[in-house]
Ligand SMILES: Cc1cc2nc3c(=O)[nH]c(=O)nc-3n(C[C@H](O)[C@H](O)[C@H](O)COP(=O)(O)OP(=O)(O)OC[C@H]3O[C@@H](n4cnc5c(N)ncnc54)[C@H](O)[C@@H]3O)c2cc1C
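Shown next as structure tokens: one chain only, the form predicted on its own.
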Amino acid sequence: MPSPQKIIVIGAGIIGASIAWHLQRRGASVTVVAQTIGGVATPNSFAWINASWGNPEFYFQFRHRSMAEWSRLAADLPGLPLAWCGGLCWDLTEAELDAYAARHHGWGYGIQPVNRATSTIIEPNLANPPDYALHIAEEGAVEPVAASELLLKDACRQGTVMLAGIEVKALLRKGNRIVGIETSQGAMHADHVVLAAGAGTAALAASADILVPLETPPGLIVHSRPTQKLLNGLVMAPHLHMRQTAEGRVVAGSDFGGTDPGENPESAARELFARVRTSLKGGEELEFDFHTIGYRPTPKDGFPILGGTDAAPGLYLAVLHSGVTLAPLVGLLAAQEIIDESQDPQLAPFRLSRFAQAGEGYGLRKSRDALS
């Protein structure tokens, strides 16, 4: 019987945790290396699970499938903090809402137009319910750090090694192949390295002369102290997206990804929280606790970067903005591709090579001076 493949996963956020868990289930020898369990971007996520508007159909279908994979994951992991709470959306004009509903309904998304009375039934604590909105009952949310920790705990129970508090300094290369990593505690070798380090992906890839076109825009999210139940599900109002966590915190951003905090984040956070309080009946009782500023790892064209690269066999890239929605499907498909040494056609639109094909010069760079 052949020895299991030795695989290092860099990153312990929701994407790294999902990939590690799925690899362990496939019988790999997995080591997760990260500075922080739960990652960096993951704790600052709004954590909305959706296949929402603004995407072409192929990406909508990919996201929609991952929503179903969350249910599969929940069946395999009892206690996963997942809630199919539904979303109430009216952050577009009525014409835009109608166009969104018609398009996505045709793709199989469960969208239902609702009036003010129905909106009030869905979310009775809205101070000013919308006259017209869309309700998507199949949308949900997850507590992302708790989910990451649960995935890693279960993977470790099955044999995964978790090395936290370790800085990964570079990828190790032998010829053109990635053979391990250089860390603050020395070198580690493996058959494959999965780079799921969020905003840190570009710098680590560059250490092996791989260019990854990544942007990291900041996003401000405010968090209340735990309180009585005020929200039943996700609320997407104009310039204010809100949900209530399992522990009772109301979290909100100007949109679900958060917005630029500007030069005075504390002031911006207080102003945003004031809008939260006035938007809810009983909101005057809400107490501000803290704000977060997350740096969202966003590939240049907005779509995930997933898969190996011909320029550096042994390296698997997994970097994307919609990490919470896509985590279970990305974990499943990445594990299949790595273990089976295959290429899933579903991931074809998401390869790094698409940037080179577009004439943008991404992939293997000719020298380390190219970035200086």
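Note that residue numbering begins at 1 and tracks the sequence as displayed. Note that this is a predicted model, so its numbers are computed, not measured.
The form predicted in complex with the named molecule is left out here; the points below concern that form.
Looking at L211, you'd find every heavy atom of it more than 4.5 angstroms from the named molecule in the predicted complex. Heavy atoms of V194 never reach within 4.5 Å of the named molecule in the predicted complex, leaving it off the interface. In the predicted complex, the named molecule lies within 4.5 Å of some heavy atom of I221. None of the heavy atoms of A133 is located within 4.5 Å of the named molecule in the predicted complex. Not one of F60, S66 and G331 is positioned with any heavy atom within 4.5 Å of the named molecule in the predicted complex.
With the partner left out here, the named molecule still marks one of 41-49, 23-31, 341-349, 309-317 in the predicted complex; by a 4.5 Å heavy atom cut-off that stretch is 41-49.
Shown without its partner, the chain has I166, E167, V168 in segment 163-192 as residues with a non-hydrogen atom within 4.5 angstroms of the named molecule in the predicted complex.
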